[in-house]
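Only one chain is included here, represented as structure tokens and corresponding to the form predicted on its own.
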Amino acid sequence: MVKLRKKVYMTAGYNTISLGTGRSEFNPKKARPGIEHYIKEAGQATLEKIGGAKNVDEGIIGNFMAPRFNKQGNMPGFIPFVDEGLEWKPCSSQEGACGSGALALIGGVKSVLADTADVVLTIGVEVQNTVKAIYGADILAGAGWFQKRKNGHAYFFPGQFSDRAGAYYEKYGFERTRKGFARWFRNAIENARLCPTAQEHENKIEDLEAFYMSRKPDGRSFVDNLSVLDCSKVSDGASAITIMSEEGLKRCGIPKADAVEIISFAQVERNIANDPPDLTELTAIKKAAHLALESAGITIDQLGTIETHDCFSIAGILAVEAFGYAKPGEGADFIAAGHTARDGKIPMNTTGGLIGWGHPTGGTGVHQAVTIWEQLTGNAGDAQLEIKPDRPYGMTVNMGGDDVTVVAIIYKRGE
């Protein structure tokens, strides 16, 4: 359990659009921006909010698979590409599959705690629409153990989470579970419609739950227990935010009320070579979330909003149970009742999450942090929640692989 030795803040977040199927700008047959475009857009937008590159001490970039999607390695070298004022400053990268973004965030937190930096520019990025979906699935399978991949489904991770969904159906009921999935999908799209950078922002389907229920899983064309509506997006995008000490805020002229304080964080790792101990439980997410809450000295009832890693709808249901909002087998009912909607007991994924906003894998953890920063500081625009005084905290949970690399972070508006 981590106890922070001094105050650490995040501020000045920015998201590019999440580009991919669903956005009117996206055309798979036309040239699209490269990975360097997204890094520069996000980085420059954040620098503009903090008074420029001169105020930055260090840069960290989170990315998963640029060597395969983009034939590009040595990602730290792209931080000076953002602005010439960043050249000659220390930069590094973090990789933990889809959890790479959050690993970059806590890397910045550790630098501030170690007194080696007062201002850390953190960027998360992935550009994945460079290959056909089936080839992309093989690249993303690198988040799992290769020895297991050799005998896995062609769509490896949809297959992994399809197995989780199948186990949940068998244990708790097919129709009951699907109703929870349908509401999770509805919430994702309705929230994405409120966020102009979301991949599903332009989605016009009227009865989302009925639309979802009409698409039954079909193993002949995809996987046995999930449909494509249960899956996060293939996305290109980047997010950036700065991590600062109190001295860093002063240097950049940013009041604490425009920042969020990082109250606690936890990072856990499950053995990638082992199967999950229980297909109907996200064990690593459960451990990380509860360690972060314990370190913060708060309960789930004090959280005003959560950004959780819904790479698949079953991950949303299992996360609700892992956090403690529902008993095992009752997560689907909790969601179907509207409790995770923006007007529910615990609003989750308020700009759409991975299913609605998009999932540029290495960037997702940073996007989650930007969303919490926007919500807690009142900068979320049409997606803004009412953050109540008795529930002033936010939490992000970013997962890499099948519940292997997990980071949970607790935030509160700066004061």
Partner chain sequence: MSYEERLQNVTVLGAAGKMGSGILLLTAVEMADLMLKPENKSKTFVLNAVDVSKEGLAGLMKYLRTQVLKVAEKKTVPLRKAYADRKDIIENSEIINQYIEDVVRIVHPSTRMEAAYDSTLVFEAINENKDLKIKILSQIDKNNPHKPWFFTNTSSVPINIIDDGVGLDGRVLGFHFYNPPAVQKLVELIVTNQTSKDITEFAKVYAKNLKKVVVPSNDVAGFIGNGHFMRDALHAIHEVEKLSDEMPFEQAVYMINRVSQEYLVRPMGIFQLIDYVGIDVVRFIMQVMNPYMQDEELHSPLLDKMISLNIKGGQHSDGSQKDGFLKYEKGKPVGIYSPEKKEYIAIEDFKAQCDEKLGALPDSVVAWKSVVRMKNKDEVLKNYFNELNVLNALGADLATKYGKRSKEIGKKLVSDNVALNEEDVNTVLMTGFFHAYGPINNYFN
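In this text, all values refer to a predicted model and were calculated from it rather than measured experimentally. Positions refer to the first chain, counted from 1.
Not on display, but discussed next: the form predicted together with its partner chain.
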Open item on the list: Going by heavy atom distances of 4.5 angstroms or less, which of R215, R176, R149, K287 would be at the interface with its partner chain in the predicted complex?
Closed with: R149
- [ ] Go through F334, Y155, F161, Y169 and name the one with a heavy atom inside 4.5 Å of its partner chain in the predicted complex.
- [x] Y155
Open item on the list: Test of understanding: in the predicted complex, would G329 fall inside 4.5 Å of its partner chain by heavy atoms?
Closed with: no
Open item on the list: Using a 4.5 angstroms cut-off on non-hydrogen atoms, would K132 count as touching its partner chain in the predicted complex?
Closed with: yes
Open item on the list: Does any part of F222 reach within 4.5 Å of its partner chain in the predicted complex? Heavy atoms only, please.
Closed with: yes
Task: Partner proximity in the predicted complex: D138 to its partner chain, non-hydrogen atom cutoff 4.5 Å - done: yes
Task: Stretch in contact, per heavy atom within 4.5 angstroms of its partner chain in the predicted complex, of 205 to 213, 79 to 87, 263 to 271, 141 to 149 - done: 141 to 149
